[in-house]
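Here you get one chain, nothing else, as structure tokens; it is the form predicted on its own.
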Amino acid sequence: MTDYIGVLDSGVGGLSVLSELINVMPKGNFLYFGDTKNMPYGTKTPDEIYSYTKNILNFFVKKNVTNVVFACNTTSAVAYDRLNEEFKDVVKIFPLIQTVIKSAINDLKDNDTIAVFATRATVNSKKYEMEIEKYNSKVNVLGIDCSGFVEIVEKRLYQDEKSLELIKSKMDIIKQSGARRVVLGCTHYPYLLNIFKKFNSDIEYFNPAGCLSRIVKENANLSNDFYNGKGEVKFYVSKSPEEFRKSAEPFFNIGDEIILVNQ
């Protein structure tokens, strides 16, 4: 039986994590689920996000997946604790925020400011603040609600005037804050990094995907079948497979088949 790692997100954002997972485990096998029917998660309630994510976990369990990566800050922020308790006997879950937070604040000094670009649900959860508090309570955390950024990526609005104005307004907050580092607190946001740098190339940007992927490789419970695999990746979405493909095209070669799943 083929051993897979499950990777989930609301759309194409988690592909930024999947790319890094493939880089560190090139012969590994992955199942990717993009919940395009319910995208974006960041404007949904915690109960809705919990319900959506639980459905995907149940889907993975039926596929005999025993390691799942939450390639989504929002699910990690508002649904992980509850779902981990429910699924701990069948699935090992790697939540994005909790897994990478120590690396995110590496080298920051007391009273340094770290800004977090994130969805509204992640900002409201205060999860970044709570996790950073565990390692350094003297680092200032500035959560910035970047609602609309996910849609820019999913709808490919990179040249849209209103989209660029929205991004600039958030970058202006960063400049005014004096932040030393910006966490890309949504897996869609690395696809906007070149635009961010046009507005501010001097600040540090932390993309959690690489760090998360290395930790998954070191800690996942995987059989030899996984490491001796052919590097197989299967894609599942809950709506609009071709729109998912179009949004992914600039960053990831999906291949021929995207499987539609009724959730």
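These numbers were taken from a predicted model, which means no experiment stands behind them. Residue numbers here begin at 1 and follow the sequence given.
A second form of this protein, the form predicted together with a small molecule, is not displayed here; the remarks below concern that form.
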In the predicted bound form, does each residue in the set G42, T74 and T187 place a non-hydrogen atom within 4.5 angstroms of the small molecule?
yes
Answer yes if any heavy atom of V183 is within 4.5 Å of a heavy atom of the small molecule in the predicted bound form; otherwise answer no.
-> no
Can any non-hydrogen atom of V150 be found within 4.5 angstroms of the small molecule in the predicted bound form? yes
Here the chain appears without its partner; judged in the predicted bound form, the stretch of 8 to 16, 237 to 245, 250 to 258, 21 to 29 with heavy atoms within 4.5 Å of the small molecule is 8 to 16
